[in-house]
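Just one chain is shown here, as structure tokens, and it is the form predicted alone.
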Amino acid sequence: MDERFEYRPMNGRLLALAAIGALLLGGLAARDGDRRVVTDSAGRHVEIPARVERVFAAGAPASVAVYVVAPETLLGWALPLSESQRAYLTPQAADLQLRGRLTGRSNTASLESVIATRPDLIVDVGEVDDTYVSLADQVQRQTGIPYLIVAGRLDRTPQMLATLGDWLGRPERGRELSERAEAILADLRAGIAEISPDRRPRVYLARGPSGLETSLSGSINAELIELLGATNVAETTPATGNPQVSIEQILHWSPDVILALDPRFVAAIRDDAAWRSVPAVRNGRVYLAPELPFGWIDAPPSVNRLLGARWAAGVLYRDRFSDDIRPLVRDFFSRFYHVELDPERLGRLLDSIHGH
């Protein structure tokens, strides 16, 4: 749920058939007593099956979250995965189809295609506002499929995992993951509380091959920076979302650290005189965030950011978070991604842990 959506109406004949089917199923469910009512993060009261076996993820953040909590229920991915990403997932998850997304600019999943997957539930994870509530209400009304929204801000990740565990019929797993997520966040908060304000860096988040796209302070796409007590320098532009900026603006901001999402940018700035004038580049404090199986800082803004927050703490505050991150990475992949990492794959993941 990291971008706005463009709603596309459903074919009228299919809509009518779907509505009739939903009414029939709802009547049978009421008689059989196999449904329950839950309240989502928008305060919507939604009737869902007591047993959930098939989940359509409305966007990329939901895809990751459902995979983490109940991988066997996930019907497919909202965005395409590379072969490198698939190599860090379970074989079953790696083989899942691309289903497209309901949320986001130029949404790629039609309501007809959603119905064709026969989901028990549609789940969206991310920000909760009128735009996403309207989408959820429209899709649920037109398809008869229960549609739930769960708040996905980084600091609410423990609650999100516990809530999904309850909705998807995996409450024990949801609680286990929630407790582990809370432990990671608590460790970060405790460490950052010991760092004086004058030692907290000014950070620029570089997106794209040119590094001239960023995310604003307060955005769900950059909240990791603020969680770590650092300052996101991109807080004075009038734009919204992930705006384009100029090298002159970045020079004016004068960031101490650059967190980069694209390896092409990191390679290009080595020979760029303008970028070499930026303090972060001059002092070798440009860090390429690991990106497998999902971006550790963003792309998408979901459970994957828990690990990214601990990685970023290590590069922002090397003295305080100097312990070896490898045990945490192995544990995270095992607990959250259902994958046991061998030393070779672990090494490839962390190739970018040193500054450029």
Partner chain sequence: MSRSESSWRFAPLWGALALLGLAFVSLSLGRLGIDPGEVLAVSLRRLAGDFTEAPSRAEIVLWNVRLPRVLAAVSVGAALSAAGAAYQGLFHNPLAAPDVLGVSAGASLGAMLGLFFSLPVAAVQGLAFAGGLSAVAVVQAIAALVRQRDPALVLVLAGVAVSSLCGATISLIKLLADPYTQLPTMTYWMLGSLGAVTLHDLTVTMPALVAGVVVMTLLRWRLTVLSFGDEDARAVGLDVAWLRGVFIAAATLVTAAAVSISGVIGWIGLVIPHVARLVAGPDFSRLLPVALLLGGAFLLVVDTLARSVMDIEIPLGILTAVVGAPFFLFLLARGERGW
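If you're wondering where the values come from, they're calculated on a predicted model, not measured in any experiment. Residue numbers count along the first chain shown, from 1.
What comes next is about the form predicted together with its partner chain, which does not appear here.
A heavy atom within 4.5 Å of its partner chain in the predicted complex is found for exactly one of Ser110, Asn242, Thr231, Thr117: Asn242.
In terms of contact with its partner chain in the predicted complex, the residue from Ser84, Ser134, Gln97, Ser277 that brings a heavy atom within 4.5 Å is Ser277. Mapping the unseen interface onto this chain, Arg141 falls outside it, with no heavy atom inside 4.5 Å of its partner chain in the predicted complex.
By the criterion of a heavy atom within 4.5 Å, Trp253 is counted among the residues contacting its partner chain in the predicted complex. With a 4.5 Å cutoff on heavy atoms, Glu176 does not count as touching its partner chain in the predicted complex; it lies far away. In the predicted complex, its partner chain sits beyond 4.5 Å of every heavy atom of Leu292. Only one of 53 to 61, 40 to 48, 322 to 330, 307 to 315 lies within 4.5 Å of its partner chain in the predicted complex by heavy atoms, and it is 53 to 61. In the predicted complex, every residue of the candidate spot (Pro209, Ile247 and Ala299) has a heavy atom lying within 4.5 Å of its partner chain. Of all the residues from 210 to 226, those having a non-hydrogen atom no more than 4.5 Å from its partner chain in the predicted complex are Ser210, Leu212, Glu213, Leu216, Asn221.
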